[in-house]
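Below you will find one chain, with nothing else, as structure tokens; this is the form predicted on its own, and questions on how it binds or moves follow later.
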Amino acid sequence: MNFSEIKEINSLGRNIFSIRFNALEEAMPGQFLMIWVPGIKEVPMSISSMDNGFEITFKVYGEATKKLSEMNVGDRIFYRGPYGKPYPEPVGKTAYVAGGTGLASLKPLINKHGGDVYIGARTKDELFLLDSNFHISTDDGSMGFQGNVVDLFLSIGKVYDTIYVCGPEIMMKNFYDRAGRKYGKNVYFSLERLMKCGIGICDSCSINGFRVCRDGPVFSYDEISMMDEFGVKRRTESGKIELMIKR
């Protein structure tokens, strides 16, 4: 377990925060940290910046992330990692398709290589880390294209050599079903699943035998094609498998 002093904390949108801290470790785009919140639990966090230390960007969704959002400059943040398989280097014309806080994982790759960015959220207040040339969609039409980010991507109709997708699993399944086959091996997905250890021991993040923490979180189109649980089933804290969409 490592710890560092928080250098900067910012509110970026509705219940969305970033924390920047010094780190001696090196990371690659797509890798993640296990952040320990004393007295609560550890949570996996994408690294949204690797310049001048690490930055994590997250949405408050539970007790641990709420506690993180209430921390102050000078407080200690505890972490393990970085862990996981990074994004492969892009080849040719590149697109990034992000839903919700999925942009946090993609941002280091975007900053390094550039390309076309498609970002979607439920409403404009949940958008963050935006650039003027991003293609933007909101479910309620409060900013940019009205609809989801997959609809936006398909409506523009550009052709790409490499595509990276990160966001809610239902959104990524939507992209896989509607656009994945067209691009095949050139599409990479970053999955987020319940993680407890982050190093491949507890199996809580398993999906069809793949451990998201060790075998991912970045998976190729071919690997995703072997996962019939993708976008359909997930594990609860107790390990029970449940449907993502209730019938």
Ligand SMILES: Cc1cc2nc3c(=O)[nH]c(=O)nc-3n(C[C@H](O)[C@H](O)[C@H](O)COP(=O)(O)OP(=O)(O)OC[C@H]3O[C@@H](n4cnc5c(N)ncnc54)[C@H](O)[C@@H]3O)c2cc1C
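Quick caveat: nothing in here was measured; it's all calculated off a predicted structure. From 1 onward, residues are counted along the sequence shown.
Just so it is clear, the following notes concern the form predicted in complex with the named molecule, a form of the same protein that is not shown.
- Heavy atoms of Tyr188 never reach within 4.5 Å of the named molecule in the predicted bound form, leaving it off the interface.
- Not displayed here, the named molecule is kept clear of Pro29 by more than 4.5 Å at the level of heavy atoms in the predicted bound form.
- Proximity of Gly53 to the named molecule in the predicted bound form: non-hydrogen atoms within 4.5 Å are absent; the residue sits far from the partner.
- When contacts are judged by a 4.5 Å heavy atom cut-off, Ala179 does not count as touching the named molecule in the predicted bound form.
- Stretch 97 to 105 is the contacting one of 97 to 105, 110 to 118, 136 to 144, 155 to 163, since its residues have non-hydrogen atoms within 4.5 Å of the named molecule in the predicted bound form.
- Contacts between stretch 30 to 62 and the named molecule, counted in the predicted bound form as any heavy atom lying within 4.5 Å, involve Phe32, Lys41, Val43, Pro44, Met45, Ser46, Thr57, Phe58, Lys59, Tyr61, Gly62, listed in sequence order.
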